[in-house]
Every structure is written in structure tokens, then in C-alpha cells.
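First, one chain by itself: the form predicted alone, in C-alpha cells.
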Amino acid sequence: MLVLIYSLMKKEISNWLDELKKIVGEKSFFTRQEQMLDYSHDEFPGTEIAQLPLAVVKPVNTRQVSDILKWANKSKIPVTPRGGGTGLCGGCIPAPGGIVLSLEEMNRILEIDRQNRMAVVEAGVRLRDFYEAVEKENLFFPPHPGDESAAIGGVIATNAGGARAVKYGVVRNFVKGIEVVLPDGEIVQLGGKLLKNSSGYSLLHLMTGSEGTLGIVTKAILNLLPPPQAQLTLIAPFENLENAVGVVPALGKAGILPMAVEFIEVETIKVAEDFLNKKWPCREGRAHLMIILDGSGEDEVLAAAGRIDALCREFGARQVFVADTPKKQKEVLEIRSKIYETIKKYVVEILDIVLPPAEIPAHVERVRQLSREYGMWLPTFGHAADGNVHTLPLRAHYIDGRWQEIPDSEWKAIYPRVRQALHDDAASRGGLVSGEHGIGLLKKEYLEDAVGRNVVDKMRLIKKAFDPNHILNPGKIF
């Protein structure tokens, strides 16, 4: 009897997949395991959440996306949309028994409208290609999430931030319109080439950051700005991380608004230097601030740099180093942006806690206490001025240029307590679970404690209204 049931199920699945193949064509349809491995995971360092889909489809236009969702809604097959796969919390991991809808073939930059300073792009456009096209038109797209291989649709789905958020805001601030396909296959247009919009409920903002659970973004209209005329990067070394992040509230009080303020520990910088064979501008102290200034001209930027130098010295910085050429700035940024890559092999998880910026020093002190208490290296860095703190619990220590691993049985016993304590501390300071990565699969357990059960219940009602059959990226967020 079981064999007969299995045979019937297998035949039914085969029929479903044949229908799906007809929508996108043979070349855009994959079912072999070796073809689907790259679509079974994102950039989360662990392998335990990976899941092979039934199939991967790569539509080339919005009509195909619509037809796929009509098919899935009728067949009750889960669909997981995927952009660049650069997420860090399992947001594009396929649901069991479902398919992956990859938007990588929808990668055209359709228009760069200089008159309105707007770009119209498909969801699969990679950030690196978008930046290049925008810069050729002497325009500027400020949001800069860490990985430039991320796709526009993905950064909209997670409302990505990045280092520049303190001055320019997150992706949501620049998304002015989207074309989105709803779970039943309906295609809707939200917003447009508009800087203001108070026309009813903002479904545009609801979709932005919804992690592909309410609809699939297929096109976007993005606001662009004139480029800054001058830029300068400062490195300020401090004896401890607490003094370094203590500068951040002082910058706000002084009315100084940098493009970015990053904090990094020297111990972490050393690992990146060794990995990349590059040198950070200075070796002093135990923690550094990287402050990026931009403005309308050199005089404005240099004046702000002078005021920042004085503030940093008040907090114990001996000297502030200046990366004043594009080459120096690029090298500093490369070392900072590659920190995660250099230690990824030993990272258990990259946390994404966000706090009121003035609470960072006290939270970082709690991180230090937990590191000492549990003997676990917890390198912590992040976007200091917007309160987004990334702690990376490691299953190893880096001592005298060599990695020393912690036995699995030890760190697996420790880590759940460390993780819970970090989120508890953030909640006690008015913080939340995620500033830019999203909730995905991995942070669901903290969402209700962070925002309240009644708020999560309202989120569930929204999900049900858009997706009553629960076929679009199920299992994410809650």
C-alpha cells in the first residue's frame, strides 16, 4: 500500500513539474541535484539549514513569474524567491517540497532617468552593475550593503542598510516604486517616479522588507542623488572599544553627520590583514573607528575632519589617521568589508542586533562580559552611528597568527546561552533583533519577545490576507 501511495505521489509531482517546465522552458528549469546545490543555501556559515528544492526555475519576465505563482497557488506548492543568495539568516532557503524561483535572468537596467533622477531596473540586477551604470551617468545611489553581488530584489526584500545608512537612510528610503507579483499571480504596480505619496495605505513600504513572503518584486524604481564632490576616510585608534563607540553619541551632540561610522577591533583587523596581505593604516590601540565624510567640497569635509579629530582626542585617541586618496580609501574599505569573509570558516552566526546608538557602549561591555564568562571569542563590529551591531560568535580563537578551534561539544553547549543573553541585553536597551539582515529562518524565536505577540499576530493576519494558501516563502519571519 505504501509503495502504491509513493508511486502515485511521485507521478503527481512529475506532472506538476512538467506543467512548470512548460512555463519557463527547458533551459530555465533544473531538477538535478548538482544543478540545485547552489540554491539550497544562502551565505549563513552553517550547513544545517540547507534544503534542496524540488526544482529551480529562472523566469525571464514578469509574465512568467505570474504564471509560476498561479501554478503554485493552484497546486499548493511552496515558492521561495531568490535574488543573489547573499543573505545571512536563511531567508531564501527553499521550503521542503517547494521550488526556488530565481530572478537572476531578470537583470536588465531598463532606464536611468537623469531628468527625474530615477532608475528603473529588474529585480535580478546586481548591485555592482547598478553602481557602475549609475556612476557613468554622474549620479549616486547611496545604500551600500556589504556584498555587491546582492540583487536589487533581495535588498528590497530585506530593506538592506549598510554603512551609509546613518546619513542617507536604508533601501526603503530610495524605493519609489515597484512592480510586484502577488501569490495568486496578480501583477500590481505600487508607487512610481514620485518623491511624495500619501495615496492610501503604503503597500510599497509594506512590501519593502517583507522578505519575499507577501509578493515577488520584479521591477523597481529607485531614487538617485547627485554624487558628493569630496570624500575623506578617517581612522581613529583607541585603547578600548568602549571609548571608541563612546565617540558616536558625541558626534551627534556636536551636530556632525558623517556618511559612515564603523567600529572594529584590532584583533579582528589583524586576521583580515593576514588573509588579504594588506595593511591597515595604523597599529595603535585595541579598537578603531573608521569615519567616512562626504560633502559638497574639500573645505567642508576638511572642516568636519578637524572637529572629529578634536572629539576623538577627548575620548583618548592619540592620533587620527587620514586616508585622503582614492587608493588609500579603497584599501581601507576592502579590509573592513572582507572581515566576515576572513573569519567565516569559524563563525557560528553573524548577529544583526540594532540599538539606539547611545546604547552601543553598554551593549558592547555586555558582549565583553559574556566573552570572558564563556571563553568564546565574540568579535564585534558594525555601523556605530546607526546602532547596528554585528557580533560574530566564533568556534575558534586566533592566537599568534594561527586558529585554535574549540571542540564542537564545548561551543555547542555554550552558544545558545550566549546568543540568548545578547538578545536579552539588546531588548533591555530598547533594541531589536535585526537592523538589516531580516529574520529569515534563524531569528524567528526572538521576534515575538522583541516586538510583542500582538504585533506578530497582526503580521500573521497581513500574511494571510496576501497569501491565504501560504505558498510564498513559508516558514520565514514567524
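The structure displayed is predicted, hence computed values, not measured ones. Numbers for residues come from their place in the sequence shown, where the first is 1.
The same protein has a further form, the form predicted in complex with a small molecule, not shown here; the description that follows concerns it.
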{"property": "Joint contact, 285, 355 and 382 to the small molecule in the predicted bound form, by non-hydrogen atom at 4.5 Å", "result": "no"}
{"property": "Proximity to the small molecule in the predicted bound form, single hit among 280, 238, 340, 346 (heavy atom within 4.5 Å)", "result": "340"}
{"property": "43, 67, 449, 410 - the one with a heavy atom within 4.5 Å of the small molecule in the predicted bound form", "result": "43"}
{"property": "Heavy atom contact within 4.5 Å of the small molecule in the predicted bound form, the stretch among 291-299, 88-96, 190-198, 70-78", "result": "88-96"}
{"property": "Contact label in the predicted bound form: residue 317 to the small molecule, heavy atom within 4.5 Å", "result": "no"}
{"property": "The small molecule contact at residue 386 in the predicted bound form, heavy atom, 4.5 Å", "result": "no"}
{"property": "Contact flag, residue 211 vs the small molecule in the predicted bound form, heavy atom cut 4.5 Å", "result": "yes"}
{"property": "Partner proximity in the predicted bound form: residue 425 to the small molecule, non-hydrogen atom cutoff 4.5 Å", "result": "no"}
